[in-house]
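Only one chain is shown below, in structure tokens, and it's the form predicted alone.
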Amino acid sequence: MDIRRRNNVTVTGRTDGPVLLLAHGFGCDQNMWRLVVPALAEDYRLVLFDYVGSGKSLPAAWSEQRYSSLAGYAQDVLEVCEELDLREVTFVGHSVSAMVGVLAAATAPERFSHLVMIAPSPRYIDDDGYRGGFSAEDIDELLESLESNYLGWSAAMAPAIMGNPERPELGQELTTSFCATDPDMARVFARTTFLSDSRADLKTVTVPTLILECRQDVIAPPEVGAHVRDAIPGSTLVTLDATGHCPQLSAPQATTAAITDFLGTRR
């Protein structure tokens, strides 16, 4: 299969620059990065893609069995890296994709040099001594609502996830992105995301890692960012002066500055 077509791969920026691989989260696609791309493209070779089941990927390539675990999404990442022969990659993962990047780097460590985790969460459900932000009952209700009325769920949830109610166009954009996703594929991705527990995988990270969190985020509370920082030795946690779960849209300049500061390329 043509991996570039399957995952709608886009390459832009400096052809001789270090590689940034930008990976979107649940309900999104590579368009979510458009506000940070122009600045990053000045110094980096940017590789963007859509997971199978999202955006303009090839629907025929989707498999419920494969995409019922985060390992299936990590396999998408690794196959894109293999197709483009990418090495020394900085993986920039938003939301659940941060954990996908952890899995990909553990599987093929020779391909990755840095991780940037934007609004990550290794587990969304609270546990003994761990606050993920949701009870098991909360997640059950969320998934039941999504499965019974995906479009209605999207219209209600996307603005809450985005935050920034004073900028309703952002919530509308995320709603549109959610609604453009096939409901059956979204159902599987949602269950894979919200029922995942990647806490043990964090100990496999050996590359320099940046964790970006917003000061207010209904999906990933501050305790989650602190947990990820403490679980990855030597990692850097930066709290952006931003709200919501998608700072690459709500605070693109701050997001870009944090990434370039971490990588040592800020002008």
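This one's a predicted model, so the numbers in the text were calculated from it and none came from an experiment. The first residue of the sequence shown is number 1, and the count goes up from there.
Missing here is the form predicted in complex with a further copy of the same chain; even so, the following discussion is about that form.
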Report the residue, out of Ala190, Ala74, Cys81, Met157, that has at least one non-hydrogen atom within 4.5 angstroms of a further copy of the same chain in the model of the complex.
Met157
Tell me whether Lys56, Tyr67 and Pro122, taken together, all sit within 4.5 Å of a further copy of the same chain in the model of the complex, counting heavy atoms only.
no
Would you point out which of 181-189, 136-144, 94-102, 107-115 contains residues with a non-hydrogen atom within 4.5 Å of a further copy of the same chain in the model of the complex?
136-144
Any of the heavy atoms of Gly152 lying within 4.5 Å of a further copy of the same chain in the model of the complex?
yes
I'd like to know if Gln172 sits close to a further copy of the same chain in the model of the complex, meaning any non-hydrogen atom pair within 4.5 angstroms.
yes
Can Asp217 be called a contact residue for a further copy of the same chain in the model of the complex at 4.5 Å between heavy atoms?
yes
Residue-level contact is defined here as any heavy atom of the residue lying within 4.5 Å of a further copy of the same chain in the model of the complex; does Glu166 satisfy this criterion?
yes
Those residues of 87-115 which, in the model of the complex, come within 4.5 Å of a further copy of the same chain by heavy atom:
none
